[in-house]
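Single chain ahead, written as structure tokens, the form predicted on its own.
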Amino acid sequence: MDTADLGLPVDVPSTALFTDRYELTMLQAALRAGTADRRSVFEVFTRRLPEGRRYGVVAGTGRVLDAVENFRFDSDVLDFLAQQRIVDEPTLTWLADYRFRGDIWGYPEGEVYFPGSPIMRVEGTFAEAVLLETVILSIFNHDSAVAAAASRMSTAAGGRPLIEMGARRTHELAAVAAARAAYVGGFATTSDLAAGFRYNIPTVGTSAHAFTLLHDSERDAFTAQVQAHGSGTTLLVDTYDVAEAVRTAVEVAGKDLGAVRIDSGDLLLLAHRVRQQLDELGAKNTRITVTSDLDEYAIASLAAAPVDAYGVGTQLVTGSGHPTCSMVYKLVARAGSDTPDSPDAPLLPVAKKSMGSKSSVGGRKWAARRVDEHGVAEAEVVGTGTAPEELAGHQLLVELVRGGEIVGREPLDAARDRHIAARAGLPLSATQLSRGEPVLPTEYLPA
């Protein structure tokens, strides 16, 4: 099944209202002023990584492409704008024919990024590009935060599989996006069926404590589950007494019991005790899965424990303390006149001047990652104009939309594989969980 054809997992007529009112009021003013058709370049970037993080993860690119494709002002949306008197009649007429017909370049999904990295560049008229600000930022800020947490957890897990199970800890639609982002960041499976349906992410899940409590005894519950799902199922063993539950589980399922899950208590101590008990009972191939408010630090603390898989919920879907990446969408270049320009016309760099930390760097940018003689990344290089010849083979931005047509859509597994490779190309210190500065410096080169 080609999941890209399924559309968005939201019951709305379009993505056009996933925006802020001021984008439409700016549009109306620009139309009146005659500046709406000025060729413009917007860029998505962050001025800083979340405190203590050493790299960021680009996630949500595929969802951004879906959102741009579905950004349409249909009759219901236009009626709402008219009734609320948000924009005037000429602006409504303009919106009725809205299609993004510009170009978008960006870091491919799964790539890593650093402060100042131009992870997406949106080019078109001011009018068509400015409307996309909020929907693009809402996707990237959420998905990249989850993917960064997932990447850190994946590193901490040391190759042991991770299960995303945070649907009940966030908005129902955010849960689907979070499962997708977690998969990009290195998680193997999800418990969320909507994510499995929409993105073909493998789904897992067997039973909760309620199933054990439903039955007259733990043995009855285990028997019912094994009869329904076979001996390869995962039995939850911490409803009452863990040692007694493990003994009963092996008696019911046999030595081929697939796995046991521990969801509370001292996970380090219990994992060792359960492993010893399983081995003594002859269930040496039975796996141990642990859950219970895990984050990357808790996972790392279990590195020496006989744990085979981790299930993570709350901390994952909330970015493990950093639920946003603070990405911004800024105009960095525009045409020098009100007359629509050809794509090759010169652009004037523009940038906000600020006494605080909100200044930006003007100009249409390229980005490349310089590597050392061992192939390890040593700097994120950002510049305007033409990139130096020695960096030509290390350019990061790829074409995503050309003339309004999506050209950069790809399977989700491609983003997942790319992230593994990108993370492996960073200095070893990138995998440290301790607080630190970005593992690569960002260098700006003049045109």
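Values in this document were obtained by computation on a predicted structure and should not be read as measured data. Quick note: we count residues from 1 along the sequence shown, nothing fancier.
The same protein also has a form predicted together with another copy of the chain, omitted here; what follows describes it.
- Mapping the unseen interface onto this chain, Asp216 counts among the residues with a heavy atom inside 4.5 Å of another copy of the chain in the predicted bound form.
- By the criterion of a heavy atom within 4.5 Å, Trp105 is excluded from the residues contacting another copy of the chain in the predicted bound form.
- Taking the partner from the other structure, another copy of the chain in the predicted bound form has a heavy atom within 4.5 Å of a heavy atom of Thr35.
- Interface residue remark: Phe126 is counted as part of the site for another copy of the chain in the predicted bound form, having a heavy atom within 4.5 Å.
- Per the 4.5 Å heavy atom criterion, another copy of the chain in the predicted bound form is contacted by stretch 231-239, the sole one of 149-157, 231-239, 364-372, 115-123.
- Residue-level contacts in the predicted bound form: of Val376, Leu173, Ala82, Ala303, one residue has a heavy atom within 4.5 Å of another copy of the chain, and it is Leu173.
- Among Gln227, Asn285, Gln276, Thr93, the residue placing a heavy atom within 4.5 Å of another copy of the chain in the predicted bound form is Gln227.
- Here the marked residues Asp76, Ala177 and Thr318 all reach another copy of the chain in the predicted bound form, each with a heavy atom within 4.5 angstroms.
- Contacts with another copy of the chain in the predicted bound form, taken as any heavy atom within 4.5 Å, map within 150-171 to Ala167, Arg168, Arg169, Thr170, His171.
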